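Take a look at the structure tokens below, where one protein chain is shown in two forms, each on its own, as structure 1 and structure 2.
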Structure 1
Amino acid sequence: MALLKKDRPLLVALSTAVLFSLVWGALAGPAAAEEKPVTITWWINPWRIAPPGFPEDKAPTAEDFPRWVSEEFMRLHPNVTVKYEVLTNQGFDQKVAAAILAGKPPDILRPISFKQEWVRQGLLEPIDEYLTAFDLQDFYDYALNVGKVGDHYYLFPWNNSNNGMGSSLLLNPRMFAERGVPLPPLPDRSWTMDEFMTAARRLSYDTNGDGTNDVYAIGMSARMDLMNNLAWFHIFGARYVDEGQRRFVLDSPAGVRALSWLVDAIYKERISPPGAEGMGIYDVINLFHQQRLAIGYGGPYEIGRIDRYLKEGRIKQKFPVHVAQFPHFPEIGPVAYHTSGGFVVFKQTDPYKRKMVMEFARFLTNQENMSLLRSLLYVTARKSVNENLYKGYEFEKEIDVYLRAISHGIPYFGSAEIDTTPADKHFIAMLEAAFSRTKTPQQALDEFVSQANRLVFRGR
């Protein structure tokens, strides 16, 4: 006992040390384990975003943004290695599909388009618990809904829209001025269908006197982005699928009127070049770039594309471009395509790695990093970022027109609950049939609806 009394301070010190080590072990132990090295693989298609401090006289490459943002994240999380890979647009889906087939998808991906099939196959992580209350209020609803399947979200929204295709039009003001056609007025450059047709007739003309138009108001094409073609249908009040999301209804009287108008634009009104049944979206974009079309498709991003093509020598002559709304019927009102792109996280088995991948996705889509989309003239998926992003900027008016256009936005392909992709090729075939006049608009639409319903809604 005497010995114990004498050594009491030592005992107390030892006990304290043991207790401290136990507490430390309990608290610090897991943290230490959490800081284990993690490697995140990230795939993205080319986004030529200028990172902070990038020289203004240089054009950013597709590598600059992913490299910068990966390095920034690794600086904040030294135990994490981000291995990014920039995939070309051509072959993007094949490479992702092959990786999925091999059971080795990337940890995080910026898909060209969100695939619900991945959710159905159990390939994606739900992100609900990584979205804060602020995120849920700050992201546009339509942007969140793009990646919503069932009750869960699977996509961290990043950018608005798909180059503005199906949301707005591009005007060549020089060609409008040459033909004495007034532009639709600011602030929203909204015009009725009658005003559009009056302008379109005057913008289509024969330059060499051979009796055939060489310059046209606008281009149509069967193999164009689906969004642009569907925009024309929606303008007439037609809808792709019914409100109950149970069947395709494009063969409605409004749909037939819309398709008849598209065919007439080529053959009767001659405001659109012939050969639409054999052309694709890039043929139409090229015609606009060659100033053989006065009106093109897309949003502000397409202004940046013209600038890039000029630098690359693909366009010889610079020309001004204004954004305008698609025309509308007063009784129906304006309409635009609403969608969003972002990042998905593939299934993770290690909880800590899952946490860090989600952290990286959050980092990519935080307000600061999202605002870098400005260098591409992209509108972002966050309300708070868009508020001031283009204030005082060269293209502020164009962005404003675009934002006003998409305020009328709807998802053309119905809700995210249904995957209409299997019907896409039949939609194109329907347009090919109508544009080549091998079928009447009614026949082409009836056939499309029948095929599409069989493929998408069979068994529902």
Structure 2
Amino acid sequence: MALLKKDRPLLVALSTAVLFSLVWGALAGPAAAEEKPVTITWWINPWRIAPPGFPEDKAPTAEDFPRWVSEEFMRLHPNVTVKYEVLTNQGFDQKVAAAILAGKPPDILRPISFKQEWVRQGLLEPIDEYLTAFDLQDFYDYALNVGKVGDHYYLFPWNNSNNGMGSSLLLNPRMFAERGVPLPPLPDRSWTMDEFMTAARRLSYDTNGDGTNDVYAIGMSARMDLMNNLAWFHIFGARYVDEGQRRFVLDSPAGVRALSWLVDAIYKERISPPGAEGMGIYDVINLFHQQRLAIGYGGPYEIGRIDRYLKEGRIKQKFPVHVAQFPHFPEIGPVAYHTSGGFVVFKQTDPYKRKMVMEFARFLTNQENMSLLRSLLYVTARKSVNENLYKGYEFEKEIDVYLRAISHGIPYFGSAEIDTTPADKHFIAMLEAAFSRTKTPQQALDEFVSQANRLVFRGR
């Protein structure tokens, strides 16, 4: 059929439309096809982070941040559904292990500790191609290296250090002032063991004349965070495992001196309350909040805990707190527990979903969202965020003391290549035996090391 002259504009228009459609299909078609609905799951333990706009007179719950950040990502990517789950700390590792065993781990996880065996088992995605040149410069090397196995990275860094357990102490300045005890001086609030013991003896006293102390300098606990108890051992020069990462060596002469000192703090020096064999970390924290201990454990995060407890009505009165370093022996130098955490991505089979899962992991750890850790008084894994995060803030000095403390950080548990958690319950049992004086420090340590080596290093 011959085309009429009058039909030519229509033909041109149709041709243009077809051509545009073809070109658009070539350019946009694949992208549009990619934007299929996907669902991302992620798990995190409780982090009470206040999202933007959260009321200042309320304490955030563990659900507020994961809910907000999931909704924000879904708003930016309407084809993506993000489902989060907050796992309790107790039983966290067991639930993750069960999910892996069942072949149903979440897409993204913030593990309590990075596990290299997951890489060796082929469970995790390498993230190298999703780290920009700026990321590689901006993240602290040690934070990136936590998740480095071989030549690849497997962890998006997020938090720098922990809540301060094992890294720093908290001082109640009112109690120090009442007993005429000077605080360790700024800028680093560093003190020697001799200076610490002089202060501790004056801070422990009997208030009613019955011959028993009612107020103490510091608490001990067999079931306290392992990092706090291991800090005392490292202060004396002891190490959990040897340099070759082949055996536990806590029964060294330095280890025996450390455990003897911990026992003496209760029974001889009476700077720590009795009953440490049955106490947990929250018993010690509560005694500090009740102002029956002048010195507590933790870092700036614990200052935030006091504020949260006040808002929740769990304590009646807010009290000032200062961060200080653990005491040290001059010949050994200061020590602190240093670690950092972040997010891992489990193996993905769908390329588009992998892309979006990585995008969400990057969203969680971008500068803006990482800065929300300020509501917990945490320091972050990005240098650029930390530079200005606490400038002019009321706790700026405390943050600075904390950063100085963790600059002395060492990995208390040895290399990340070894998993010492099977020995944890025996470490607690060792402390229970020593604190209850059913075993001498040497006997308790010998028994612990024997059991721990059998559980962790047998067959290596």
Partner chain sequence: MRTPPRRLARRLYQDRWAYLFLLPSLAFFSVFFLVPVAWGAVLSQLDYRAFGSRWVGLDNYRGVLSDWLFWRSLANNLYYAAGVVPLWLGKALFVAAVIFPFRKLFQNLYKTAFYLPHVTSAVIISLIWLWIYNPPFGLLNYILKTPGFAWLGNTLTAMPALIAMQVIMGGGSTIVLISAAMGSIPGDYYEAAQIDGATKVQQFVRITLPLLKPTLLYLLVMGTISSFQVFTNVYLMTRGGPQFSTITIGYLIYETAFTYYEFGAASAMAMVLFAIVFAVAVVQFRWLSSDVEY
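Predicted model, so just to flag it, every value in this text is computed and none were measured. In this text, rigid core is short for the largest set of C-alphas that superpose within 1.5 Å between two forms. FYI, numbering is relative to structure 1, first residue = 1.
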Choose between structure 1 and structure 2: indicate the form predicted together with its partner chain.
-> 1
Looking at the rigid-body rotation between structure 1 and structure 2, which one of Leu124, Thr339, Pro184, Ile295 is the hinge residue?
-> Thr339
Look at the chain as two rigid parts and give the angle between structure 1 and structure 2 through which the smaller one rotates, in °.
-> 13
So if we fit the rigid core, how much does the CA of Glu117 shift between structure 1 and structure 2, in Å?
-> 5.0
Rigid-core-superposed Cα shift at Asp135 between structure 1 and structure 2, Å = 2.8
